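Next up is one chain by itself, shown in structure tokens, the form predicted on its own.
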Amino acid sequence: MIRFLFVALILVSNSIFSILEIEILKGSDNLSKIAFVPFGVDDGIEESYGRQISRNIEKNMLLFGEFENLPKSEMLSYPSSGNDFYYRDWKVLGVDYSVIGKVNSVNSLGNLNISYSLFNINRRIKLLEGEIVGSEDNIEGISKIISNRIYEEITGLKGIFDTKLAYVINSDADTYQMCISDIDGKNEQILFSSKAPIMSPDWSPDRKKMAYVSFENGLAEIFIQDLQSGERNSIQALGMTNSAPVWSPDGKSLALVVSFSGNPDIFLYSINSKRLIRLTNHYGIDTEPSWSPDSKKIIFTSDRSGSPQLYEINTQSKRKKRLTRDGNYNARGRYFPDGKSIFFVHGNNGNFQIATKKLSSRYIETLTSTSLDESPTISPNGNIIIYATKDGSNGYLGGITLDGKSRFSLPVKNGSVREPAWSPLLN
């Protein structure tokens, strides 16, 4: 069954009142301090270009509460090149890093030429020097590229400022909306709206498609939607209900749950051939599959031992292994990008919290302190987890860095938000 949706109606940008906005709840007292110096401009170029670029970079770098900034009013100088930069000006202010730059030119097509540098004040060295050319109409995108490079130089991790987040909003009007936005909450779009529940969004590896579950026809169906055209295709998996789709790392298959006669099992579905391959066949409930980064294994939730626990299955041999034993509830498992650890929902004594576990260890580490957490998703650099939680009857998104230095929330202005899914990095 193929349904065509008009892009003008579905891809509505910034027209709804549920936009996400990150609010830092807790930051460490020992964060690295960065001076984001307003970028200079060459003669004849509008000063607003430089101010806007440096302001965007500063906002990006402070987004998740991992760094603190030096107020502009405390700066002793405003260098725009290495010739004007003096380490002593920043050392006395307790600064760890300084970011400077300059808009060198604007051509007749509106393309900006921008140079930028990152300095380590304590080591007295220039860590990064770069140049980028981009349209004056895409200053936000240019700023994200520079921010990603600065973030990676400081942390050793890939920058994630050009990633996106998918989520489901249940509005006060009892309407469900499948939405995506930039990771900072900007450029929000509605992909699909329904009076029936929508759940389990998952990005294709190339970020061009979204798989999700919709109950619009009365039963759980899996749809794949093209994000550019809006075209939707339902998967005919022949089961009574089909749910929990997740893309394989190569984008050629989905792992999903098919329920025959009320018994859910894990299947593989080929995108090209439409063929189904059964992975599990048990009288218990097998659900919530997720691929390992190398595509060789799948983690899933099963109650075959009497309570929901996490298991791992080899996609070729179909050999299974139980991964969790502590607690009476462990579910919605996902691999870290390195494949060496997993994160999941850990339940004990009525509390449900986000936890992690190294695959080589039995020890479970609980990350969150709230009690109704679900649906964790991890940043593609493996450093930040966003999850759904509740404050009374209102659902909102929470977030935490893996080092525990920062906690934040992503509430919506109207309704409840749930089912977050972090996009892959752009190639």
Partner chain sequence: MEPIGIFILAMLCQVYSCAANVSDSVERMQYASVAGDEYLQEERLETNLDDKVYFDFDKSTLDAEDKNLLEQYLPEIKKAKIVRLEGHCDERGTREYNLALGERRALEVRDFLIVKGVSGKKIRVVSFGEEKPLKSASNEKAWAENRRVEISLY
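Residue numbers count along the first chain shown, from 1. Predicted model, so just to flag it, every value in this text is computed and none were measured.
Omitted from view is the form predicted in complex with the partner chain, to which the following refers.
- At a distance of at most 4.5 angstroms from the partner chain in the model of the complex, none of the three residues Asn56, Val133 and Asn148 contributes a non-hydrogen atom.
- The partner is not drawn, yet in the model of the complex one stretch among 295-303, 69-77, 103-111, 225-233 has residues with heavy atoms inside 4.5 Å of the partner chain: 295-303.
- Comment: the partner chain is not present in this chain, but in the model of the complex one of Thr324, Asn242, Ser98, Ser143 has a heavy atom within 4.5 Å of it, namely Asn242.
- Of the residues Ser204, Thr287, Thr315, Ser253, just one reaches the partner chain in the model of the complex with a heavy atom at 4.5 Å or closer; this is Thr287.
- Under a 4.5 angstroms non-hydrogen atom cutoff, the partner chain in the model of the complex lacks Tyr116 among its neighbouring residues.
- Shown alone here, Tyr329 lies within 4.5 Å of the partner chain in the model of the complex, counting heavy atoms only.
- Contact between Leu276 and the partner chain in the model of the complex is found at the 4.5 Å heavy atom cutoff.
- Proximity of Tyr87 to the partner chain in the model of the complex falls outside the 4.5 Å heavy atom cutoff.
- In the model of the complex, the partner chain lies within 4.5 angstroms of at least one heavy atom of each of the following residues of 339-373: Val345, Phe352, Leu372, in sequence order.
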